[in-house]
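Presented as structure tokens, the chain that follows is alone, the form predicted alone.
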């Protein structure tokens, strides 16, 4: 086995195994798991499709070798993988009967509210305004509100320069935006999407506030990537109206939205949000309220494993090159870590370790050291690579 193949087996096989267990636990469908990784990470194939291509028996056997070497339960072939290997089954066949009718808007959505003025909030406001919705966006100051308009204007100007838009289109989009410095402006919106700080106390205060401001029947959505949405719903008197809409950054470009339901989320809210995603040109995937959802739960353990492999003595440049060559991923793990930010990666890995209590998910020491040193990646010009 070549070094590149060894790197593939070390990093990619556990990722495939995690995906099998995610489906096995009835957390997400075959199509949603694969679409999540394709549209959330830019992979040519989702993990379950990769297993079908390699063959369940081959993946099972190679994982068994990893498990014998490491004793890590995460490397033990999933029971479903064992079953498919024994029966020559495929995930394509398992997902074949899962097709359902396209979701429909069960609640009227005419006006959308966005809380926040950062990059994610600004991008979400642009997505809805470009799709014809009136958008009320709320920030703490006029300066913050102006920043949203500046961000969207810059994006629209870039599209015009590329011949993908016109000045009339730009004027129409900007004309659908209304800024406000008080949350009371959201009283009549049909959907609120919050994209404020990833701080549970801050978000709980916001949801309690929205509960008292927004009209009955309004959907309250959060873009959180790691906080418990169930708790946000419980902070209101309308938990059935609370749902996750995890957009990916930059929101105007990235196609994926993870639609996250809690045990209390109403079925018509779930269906409406999925239909709305399609209407604004996004691909919605469904999952439950659990740390990491689909994409982060599969992506970050793989990135953490890459750091552990580097700690064992394998050059990071070799790892990046091998993954792009053997797995066909658009970026190597260390290139991606530096884009995402090592601080973000560490925070998510800590969440996953806390949620699943698996020793194999403990954050790599080098990742913690990079963050402690302020080497966060491209945003600090120094991460695993220098910029």
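Positions refer to the first chain, counted from 1. Not measured: the values here are computed from a predicted model.
Heads up, the form predicted in complex with ligand 3HC isn't pictured, but that's what we're talking about next.
Student: So in the predicted bound form, is ligand 3HC close enough to residue 46 to count as touching (4.5 Å, heavy atoms)?
Tutor: The answer is no: residue 46 has no heavy atom within 4.5 Å of ligand 3HC.
Student: So in the predicted bound form, is ligand 3HC close enough to residue 222 to count as touching (4.5 Å, heavy atoms)?
Tutor: Contact with ligand 3HC, no.
Student: Applying a 4.5 Å heavy atom distance criterion, does residue 249 contact ligand 3HC in the predicted bound form?
Tutor: Taking the distances in the predicted bound form, the answer for residue 249 is yes, it comes within 4.5 Å of ligand 3HC.
Student: Taking ligand 3HC as it sits in the predicted bound form, is residue 151 near enough to touch it, meaning that at least one heavy atom pair lies within 4.5 angstroms?
Tutor: Taking the distances in the predicted bound form, the answer for residue 151 is yes, it comes within 4.5 Å of ligand 3HC.
Student: Considering ligand 3HC in the predicted bound form, find the one stretch among 324-332, 23-31, 354-362, 60-68 with heavy atoms no farther than 4.5 Å from it.
Tutor: Partner-contacting stretch among the options: 324-332.
Student: For the spot marked by 42, 158 and 300, is every residue within 4.5 Å of ligand 3HC in the predicted bound form through some heavy atom?
Tutor: Every residue of the spot touches ligand 3HC in the predicted bound form.
Student: Scan 50, 35, 340, 346 and let me know which has any heavy atom within 4.5 Å of ligand 3HC in the predicted bound form.
Tutor: The residue from 50, 35, 340, 346 that makes the contact is 340.
Student: Which one of 102, 171, 253, 267 is close to ligand 3HC in the predicted bound form, taking close to mean a heavy atom within 4.5 Å?
Tutor: Exactly one residue meets the criterion: 253.
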